[in-house]
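One chain comes next, on its own, written out as structure tokens in the form predicted alone.
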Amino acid sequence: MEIQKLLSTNNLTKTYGNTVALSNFSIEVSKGQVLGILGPNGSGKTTLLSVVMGLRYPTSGDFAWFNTLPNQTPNRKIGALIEVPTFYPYLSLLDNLRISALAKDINYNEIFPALELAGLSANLKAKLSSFSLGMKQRMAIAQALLGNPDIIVLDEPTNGLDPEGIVEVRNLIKKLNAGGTTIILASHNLDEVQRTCTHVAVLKKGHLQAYGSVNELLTSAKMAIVSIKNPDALFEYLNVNPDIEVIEQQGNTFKLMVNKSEQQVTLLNDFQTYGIAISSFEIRNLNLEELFIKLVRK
């Protein structure tokens, strides 16, 4: 079955004077993906989402939704939560979404499926002032779902939420994706991205550092956790094996990023050759935090 491409970007670039916010950014997003856009502050995540949503114009390059004309955003097919939406705390949930539906020229009857998906059907008459942060965020996502879009775009959907609110939003994203909705989200929360996303794109200072499925990226290298009795011997070994990176050191315990597959196989033998005395040794796949540190340190 042919994979349906929903968004493609081609050397997308956005500058502000001499500042490059986004540089030659090229990816494709297919139907059914949950794509996490990762990066430190100032990496270009919000700029990217703002450009593809038509809120800012690209300086060069282009993007296309649903294989249509370049640099056009068909808003009826896309729901978005880019900035904090304006709601009225003294009105009920239903009345707030009626206002949103009117602004989007969407039939009122489409409010109820969106609320059902967001798990808020029991709160129709409740005033917004009584909502928790997690409920408010789910309400904002419900607003993005008005009109049953094919794809939703979320900027920091768990920002400022307590653990309960984070779980609520995580479960909602999984539920939406299981129902066929494609999702693009920017986030600082690496653990949540690993739990919810099928694909990730990592940005640093506007440049794409890595893009691919979460599973592929997390198996691209290994993490060796070793306790060493004679660290000087380990440092001697690392000096002649620059592909092995020290990610963290606590006393005589080291986290080592092993990038080459052949080194992953021979690591213990290499340690013996260099006379490295090992107290404990573990080698495993990376988690997303470790991959992120590797990429943003480059």
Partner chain sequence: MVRALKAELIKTFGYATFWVLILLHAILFLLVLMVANKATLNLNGIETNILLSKPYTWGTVAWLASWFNLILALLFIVIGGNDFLFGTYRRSLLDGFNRNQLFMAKLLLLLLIALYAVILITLVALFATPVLNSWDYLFTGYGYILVLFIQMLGYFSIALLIIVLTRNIALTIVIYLLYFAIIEPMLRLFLPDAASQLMPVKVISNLTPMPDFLGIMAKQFNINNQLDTSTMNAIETINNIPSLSQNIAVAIAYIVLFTTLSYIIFKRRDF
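By rigid core we mean the largest C-alpha set that fits within 1.5 Å across both forms. Quick caveat: nothing in here was measured; it's all calculated off a predicted structure. Residue numbers count along the first chain shown, from 1.
We do not show the form predicted in complex with its partner chain, though everything after this point is about it.
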Discussion item. In the predicted bound form, does every one of 56, 83 and 91 come within 4.5 Å of its partner chain, counting any heavy atom?
Written reply: yes
Worksheet item: Exactly one of 195, 188, 98, 175 has a non-hydrogen atom within 4.5 Å of its partner chain in the predicted bound form; which residue is it?
Response: 98
Worksheet item: Looking at 75, 129, 171, 213, which has any heavy atom no more than 4.5 Å from its partner chain in the predicted bound form?
Response: 75
Worksheet, complete the sentence: Which of 179-187, 157-165, 104-112, 224-232 lies within 4.5 Å of its partner chain in the predicted bound form, heavy atoms considered? The stretch 104-112
Fill in: 4.5 angstroms heavy atom contact with its partner chain in the predicted bound form for residue 50
yes
Discussion item. Going through 179-210, which residues have a heavy atom within 4.5 Å of its partner chain in the predicted bound form? Please give them in sequence order.
Written reply: none
Worksheet item: Against the rigid core, is the Cα displacement of residue 139 between the shown form and the other one at least 2 Å?
Response: yes
Worksheet item: After superposition on the rigid core, does the Cα atom of residue 153 shift by at least 2 Å between the shown form and the other one?
Response: no
Worksheet item: Taking the rigid core as reference, does residue 111 move its C-alpha 2 Å or further between the shown form and the other one?
Response: yes
Worksheet entry | Note on residue 72-residue 59 C-alpha separation in the predicted bound form, which departs from the shown form by 3 angstroms or more | farther
Worksheet, complete the sentence: Taking the shown form as reference, the Cα pair residue 42 and residue 72 shifts by 3 Å or more in the predicted bound form and sits farther
